[in-house]
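The data below hold one chain only, encoded as structure tokens and taken in the form predicted on its own.
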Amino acid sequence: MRSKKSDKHFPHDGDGRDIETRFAELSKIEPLEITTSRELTMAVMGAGSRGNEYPAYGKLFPGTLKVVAVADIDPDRRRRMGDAWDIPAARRFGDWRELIAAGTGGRLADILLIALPDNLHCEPALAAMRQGYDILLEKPMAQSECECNDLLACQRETGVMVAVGHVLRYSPYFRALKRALELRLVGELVNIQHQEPVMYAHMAHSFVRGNWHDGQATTPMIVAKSCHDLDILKWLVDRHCLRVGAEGGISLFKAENAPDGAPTRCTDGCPCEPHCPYSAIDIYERKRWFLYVFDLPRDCPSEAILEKLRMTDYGRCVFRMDNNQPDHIVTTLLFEGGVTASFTMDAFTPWGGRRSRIMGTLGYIEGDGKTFTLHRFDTCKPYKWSFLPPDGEKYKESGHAGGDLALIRDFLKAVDTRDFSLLSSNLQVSVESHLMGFACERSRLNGQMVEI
């Protein structure tokens, strides 16, 4: 037994149980399937990729969730979701405002999923809260600090339940990391290094050519892509963030870096196209990546893809776009109690998936989004965690390493029981990580540390 004197030098190490016993707790993964008191109904605004991901829970576990209304300006997406859920024609809407108007005097469903473009998150959410919907709001929740505060004020006024799509904190990997810190397996937390590698082709697809290429029209890169990561850091540290600083910008994707003779589009006979890693022809037609954006299957004819590239921004040269999102960001964050964190967003990697290093007074954790290893200083022994839950195959069907379906599971439980505590990423806690993101962007633009 340690003396009182030695306790001062060695912070309390957990609850007295040995390391192996506590580490074994990290493998207790909650099953995806739940039983609800009744089948809950959902209306969907935005029937794209994210709009289809969450409702898939109802197909995987029948009797828990059913989509009964959809709003999407794209007639094909609207038709596909309507047909998949047998939604009556009268409940298939174009503009989101039509869905809200149709619910005057009563809601169309128990739950409203808002998976519209970033600039259409705040206004529909405010309207839906006033109509009494419980809401699953895709991240980012808003485009500005002011809008975030408006949403929070409206939620407090109406008392409805609002979940924000911070899905990473629901994945078994990050939940195990969180539990490791709660069990003090690294002793006192001191510092976290966290990286989001966006992957070179993903950067070109989404943030140079794609819907998020303009941070002013949508949200800044650190909010649009990395509010997940700021949320994870805030959640793991479990303290308020006091100050942030950020650096970064556009290193590659600008006009002065265009190869000699590069035309406006990759399909216009660019002399560098066969060797360019950012070639639209290579990414979409040869590799067949990201074809969901065109609503095309992987085995579609090449000409169908090339026609899309001739007509849309996805076929434009990455050096000829009007993009303004940084392709690298480095941030530092100071939390209460002196805990520090650093976060980097990097576009120039061959893979995606988060990487983290966690340092404490008694141990160190390093992970890659799928597995992590705890190194204890006292035993000099590694302890490895890997994702092997009982229903692992069902988790694999879910995006974000199991986080997407785990979020909707917890949301359905919270709505069914009216127990807000079952929901980790409610609006109140998600506001803070968004404010951290907007503060980081101000710091990046102004070159100064920003107090929160």
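Bear in mind that the values here come from a model prediction, so they are computed numbers and not experimental data. Throughout, we count residues from 1 along the sequence that is shown.
Beyond the structure shown, there is the form predicted in complex with a small molecule, which is absent from this document and is the topic of what follows.
In the predicted complex, L181 stays away from the small molecule, with no heavy atom inside 4.5 Å. With a 4.5 Å cutoff on heavy atoms, R50 counts as touching the small molecule in the predicted complex. Remark: E138 counts among the residues lining the small molecule in the predicted complex, judged by a heavy atom distance of 4.5 Å or less. The shortest heavy atom separation between C266 and the small molecule in the predicted complex exceeds 4.5 Å. Per the 4.5 Å heavy atom criterion, the small molecule in the predicted complex is contacted by stretch 112 to 120, the sole one of 316 to 324, 256 to 264, 362 to 370, 112 to 120. Residue D95 is the only one of D83, E157, E336, D95 with a heavy atom lying within 4.5 Å of the small molecule in the predicted complex. Scanning D74, D214, D378, E188 against the small molecule in the predicted complex with a 4.5 Å heavy atom cut-off leaves one residue, D74.
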